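The chain below stands alone and is given as structure tokens, in the form predicted on its own.
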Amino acid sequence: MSDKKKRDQGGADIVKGKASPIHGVDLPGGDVIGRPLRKADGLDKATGLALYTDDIQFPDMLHAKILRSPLPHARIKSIDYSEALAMDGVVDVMVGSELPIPYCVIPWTRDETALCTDKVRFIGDGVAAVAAVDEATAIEACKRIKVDYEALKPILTIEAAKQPPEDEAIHVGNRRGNQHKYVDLSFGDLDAGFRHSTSIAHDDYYFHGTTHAPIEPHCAIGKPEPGGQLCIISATQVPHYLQRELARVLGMAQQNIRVIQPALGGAFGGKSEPFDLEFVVAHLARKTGRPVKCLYTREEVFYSHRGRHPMAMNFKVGLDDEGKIQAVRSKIDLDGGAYSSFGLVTTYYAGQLLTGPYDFASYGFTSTRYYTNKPCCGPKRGHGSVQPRFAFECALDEAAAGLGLDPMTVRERNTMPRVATTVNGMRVQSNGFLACLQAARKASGWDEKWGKLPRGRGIGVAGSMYISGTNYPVYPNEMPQSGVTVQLDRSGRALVLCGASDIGQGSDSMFTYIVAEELGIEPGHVRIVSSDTDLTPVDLGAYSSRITFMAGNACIDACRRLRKLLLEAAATALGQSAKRLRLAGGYAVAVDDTAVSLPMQEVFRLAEAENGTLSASGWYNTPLLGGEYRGGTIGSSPAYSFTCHVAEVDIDLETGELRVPKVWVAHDCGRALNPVIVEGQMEGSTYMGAAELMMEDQDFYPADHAAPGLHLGPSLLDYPIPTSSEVPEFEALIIESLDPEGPYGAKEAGEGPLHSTIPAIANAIHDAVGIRLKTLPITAAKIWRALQETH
């Protein structure tokens, strides 16, 4: 196999183009980078000026609603929409047969259609759609569509999915029945590892389903354009990928579809693939010749889901006399819901991303994903690796207890080197985990608290590692993963064109800081145009914490092409060597004589006069990474972040009520480009992890219920998330271990700080009351029952 090819997880060849130029940790001054600046879009969002998709109106616009299945598993025998179409105010109706081409974010597992064509696979599956003059009319028209279903036996659990189906498989023709993906990988001598282990923890764990619960529901608008073109405005976090799938399913040329992502009110992975409403508004806009909007209700958001996979996990962890990890073995079953989504990758992530921040002597995992008749699971913040991290970190504590060792000390002893290759072949070039442990130990007062607090109070620790951008693009190609164009205007302002999606994490701000740093202008003189496929270079989207690393490097690449021209122009005007000039604070200034300077606006003009209109494009692509085995690219990343959580808990011994007064989160983000935003990401991730442990539960009625497969509570009243009264106090401890490939050394901070929150709290519960709860969520009732059993 050539050096540009490597086997992907599905067996197809991935062809990688050349890696992009590496700018490393070089920082030409640090005037903007590292400062606590405000977000570029902060003022608009704080004052209500920001426009979200549902804020956008067009003349003569129609409203679409989707008729959804009331059954979890059924064949569609017929659909009669004549009565709906005859209603006053109804303009058109569509059904699944009009768009029969299947799609999926992973190209090898296309098993969805815009609307169901032959059968429905969960309650809420889209069957038909109506375009009407207003939402009320569209809702009433949906009620008048008659669908004749032939009910089939629903499969609602992993155990049921393992059995031969009574009626038929969820996806007819799947040769593995209801099994979607199976992975079995092993590294090192596991048998020898367990033989050499003095303390072995071996038990079952269960991580429940949870969903994203963004403030903004999904919303999309389809708008016909002159010449047969089509504009889709969507609350998506993958505009360029959405454009690609829309073109394929609609049968249109990709260049005739424009996708725009306006301001986004939260996503967390829940908007990182195409959804039925985007195909619906696109098709109905073409049919009617009018703009068409579709806004999900909150209930539809819960059924669209794509959230955390429930996982049944069996973990075995072995430590030697000194507490060194000799062997780790896991067997994991994933409940994938009705469709594939990112599930093929999730099945790998459940094992591949566990092999840091510790040095494993041997490791093996078996991971199996199953289809069930429930809403499809997909990527939620920390995609695929949050669940196994909970099981492993709890098992590690249990194995340490078998040796009588402090769990913090065990983690310190097992920390992988600063530069290392994991047991499964992942390259690590920077690692601040030991510093994370030390910072959290000191800040939390660990040595004075662990094992020494009064009964009912306890403290726990856990660690984790996560990717900073995936080496594996969502569709195989040899082109850059991210491109950025920077244009300079003679007025002194810079315009950044980037395809990256700001979903609240601050990527537009990151571009602002980089351009201001590199070109010596004020951040307020930088304008950002992002997430518009007609105007911006391709970026593959906001997933896998890739934007700061990949788009940030692309932005630096573009800026440094321009910076060279600006320095040359300033040097000529000032009679200085370009090497002795700095661009900073709105001036080109001589480093040895600050009186020798020129305003940057004048430098822009001089450079334009010399070189013509000033514009440059930069790009980033990862080097060839990953182990030389089937699936070895999955989980490989140009860099990895590291996190340590210490949580303190307080448990009411009479009621089992759990309080988490404080969580310390130490996170190695490489260089913190803006420490305020990094702290916000660290705290937001930790909040989400605490919510999943204590409250959240995306659950459904079982097969023996009168309404099998119905969501138990698809609303924010019934799906509990912590309010201000339940949120722990957070202390964010930023650790900077500069990565040689990151932009100024930066790595991710948006997903990694979630993972170890959950096991840190679970381990603290054991320290507080001596019980190990291994099934999530951990509620007061579960704690109370466990306390009664220990008496």
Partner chain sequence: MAESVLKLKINGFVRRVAVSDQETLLEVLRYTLGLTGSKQGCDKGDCGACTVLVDGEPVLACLSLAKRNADKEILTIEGLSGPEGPHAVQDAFDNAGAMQCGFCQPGMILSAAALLERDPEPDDEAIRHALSGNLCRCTGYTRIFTAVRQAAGIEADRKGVDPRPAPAPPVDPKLP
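In this text the structure is predicted, and so the values were computed from the model without any measurement. Positions refer to the first chain, counted from 1.
Although it is not shown, the form predicted in complex with its partner chain is what the next lines describe.
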Looking at P675, P537, P476, G188, which is the one with a non-hydrogen atom within 4.5 Å of its partner chain in the model of the complex?
P675
Go through 113 to 121, 167 to 175, 501 to 509, 607 to 615 and give me the stretch that gets within 4.5 Å of its partner chain in the model of the complex, heavy atoms only.
501 to 509
Can we say T211, H525 and Y687 each have a non-hydrogen atom within 4.5 Å of its partner chain in the model of the complex?
yes
Determine whether any heavy atom of E679 comes within 4.5 Å of a heavy atom of its partner chain in the model of the complex, and answer yes or no.
yes
Can you tell me if L717 lies within 4.5 angstroms of its partner chain in the model of the complex, counting non-hydrogen atoms only?
yes
Considering non-hydrogen atoms and a 4.5 Å limit, does its partner chain approach H766 in the model of the complex?
no
So in the model of the complex, does any heavy atom of G265 sit within 4.5 Å of its partner chain?
yes
Go through 39 to 60 residue by residue and record those having a heavy atom within 4.5 Å of its partner chain in the model of the complex; state none if no residue qualifies.
K39, G42, L43, K45, A46, T47, G48, A50, L51, Y52, D54, D55, Q57
